[in-house]
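Next up: just one chain, as structure tokens, the form predicted alone.
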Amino acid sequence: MSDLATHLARLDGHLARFRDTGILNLINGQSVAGSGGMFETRSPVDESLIAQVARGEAADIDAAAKAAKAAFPAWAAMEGDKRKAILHRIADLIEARAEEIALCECWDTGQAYRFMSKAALRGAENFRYFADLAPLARDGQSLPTATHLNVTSRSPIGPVGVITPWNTPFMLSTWKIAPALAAGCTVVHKPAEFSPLTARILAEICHEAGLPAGVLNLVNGMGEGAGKALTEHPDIKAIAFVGESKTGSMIMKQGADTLKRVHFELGGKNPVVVFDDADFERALDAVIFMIYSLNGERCTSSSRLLVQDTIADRFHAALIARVNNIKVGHPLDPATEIGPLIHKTHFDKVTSYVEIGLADGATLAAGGTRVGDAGWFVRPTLFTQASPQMRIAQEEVFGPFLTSLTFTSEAQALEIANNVAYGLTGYVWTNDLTRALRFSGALEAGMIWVNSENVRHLPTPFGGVKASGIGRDGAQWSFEFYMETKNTAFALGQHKIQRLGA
């Protein structure tokens, strides 16, 4: 039996229970239907029905928020070492079910197995990392003066809402939920309606690991129903959201009346800047990997190539040859490098930019066409001869779609790189250390990699500027969002106090 056939057979076994019972909400430790009935989730591979999904509405969010509020005092008061042990058990169970998670994620999202086989393990790593920080979450600082000893401490903010996207949903869910639980918060999770499978698996794993009822609640549904109700609910103290910049703006408005704290990881139109002194082959590998892996459906993708004009022709020739050789195919085939896009609406959006790029005068150098008649497969696309003002150089396509621009000088490259609404990441390729320091310092982005693809180090801050987000994830930056900081000042000795009315 081939690897693909083996994966399909195992997937069928994992999906059987969802076909029978549907994908239900999980509120206060109980599987419950949605008050809005059910909706369908279909695979982008062949448009076949995966399962019916509970459609949560405001009533379901209210029940979940109340459950999170009721569970909060005990969870917040639990010793950090005990929370650490539970989170490590969650990580153990993620690893034990890693293949199931990967197969379901591939079928639900269209992502290639070669990447999703690692995503579950990344999720376990997220839980282990924040588990180890749980005993330290409350720690503060000693800030003495001549007259007072100032002591800071932290406490969890309360029940929080986590809204996650349809691209790599399992890993991104763990990235938000693990630090919230480690901090002592309780959670209401609203996953994207297009990829509900692994959110349910994660909720099951958490409860199997011993997470008390009500600490993590799962409510499926649509943004205008469950999502809006979550962002407006008075018992929810903060919203952590990953998704489109436009949606982030809507969430800020919806949460304004209840003064919600928000943390947003939003869109990107990230530049990868290749100077003529760069390591040519390594830069080529990184450019291709950071836009065409994960179907290009990633906020940190390097969707704008800025290549110095002295090497542009050579770089484009090598790039075109490689792009045309990328394997598009069934996501459960280990040889596949690009699977189908998430759904028809997104497929239509991505392919519409082919016509936009041609109409604006750019050159379609590779791809841009549909693959097959079933599912939402598209050939990896490359436009050259683009100018910075073109829509394909300004707007987030969020697919396997690369726009290449050329530059003459460092100053011109910086101007082009910064001249977009977004500022999530940037990638710089040069062997001139002084230029690397100077350029990265002036680049408007929250995260920059020099002579590297995106390599995530969990203790470092993750987040963007401008329309790419608010706040940072990672280590203490996550705790700053999920926790309140208190300062207590103790007087030292009999310092003089001003007397009024004596």
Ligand code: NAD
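As the structure is a prediction and not an experimental result, all values here were calculated from the model. Position 1 is the first residue in the sequence shown; the rest follow in order.
In what follows, reference is made to the form predicted together with the ligand, a form of this protein that is not presented.
Among 106, 90, 172, 182, which has at least one heavy atom within 4.5 Å of the ligand in the predicted complex? Answer to the contact question: 172.
Partner-contacting position among 333, 193, 100, 235 - heavy atom within 4.5 Å of the ligand in the predicted complex: Contact with the ligand in the predicted complex is made by 193 alone.
Residue-level contact is defined here as any heavy atom of the residue lying within 4.5 Å of the ligand in the predicted complex; does residue 244 satisfy this criterion? Although the ligand is absent here, residue 244 would touch it in the predicted complex, with heavy atoms inside 4.5 Å.
The ligand contact in the predicted complex: residue 117, any heavy atom under 4.5 Å: Taking the distances in the predicted complex, the answer for residue 117 is no, it never comes within 4.5 Å of the ligand.
is_contact(residue 421, the ligand) in the predicted complex, heavy atom dist at most 4.5 Å: Flag for residue 421 set to no.
Heavy atom of residue 212 within 4.5 Å of the ligand in the predicted complex: Residue 212: no contact with the ligand in the predicted complex.
Please determine whether each residue of 271, 399 and 446 possesses a non-hydrogen atom within 4.5 angstroms of the ligand in the predicted complex. No, none of 271, 399 and 446 comes within 4.5 Å of the ligand in the predicted complex.
Can you tell me which of 196-204, 91-99, 235-243, 130-138 lies within 4.5 Å of the ligand in the predicted complex, counting heavy atoms only? The contacting stretch is 235-243.
Residues from 147-174 in contact with the ligand (non-hydrogen atom within 4.5 Å) in the predicted complex: In sequence order, 163, 164, 165, 166, 167, 172 come within 4.5 Å of the partner.
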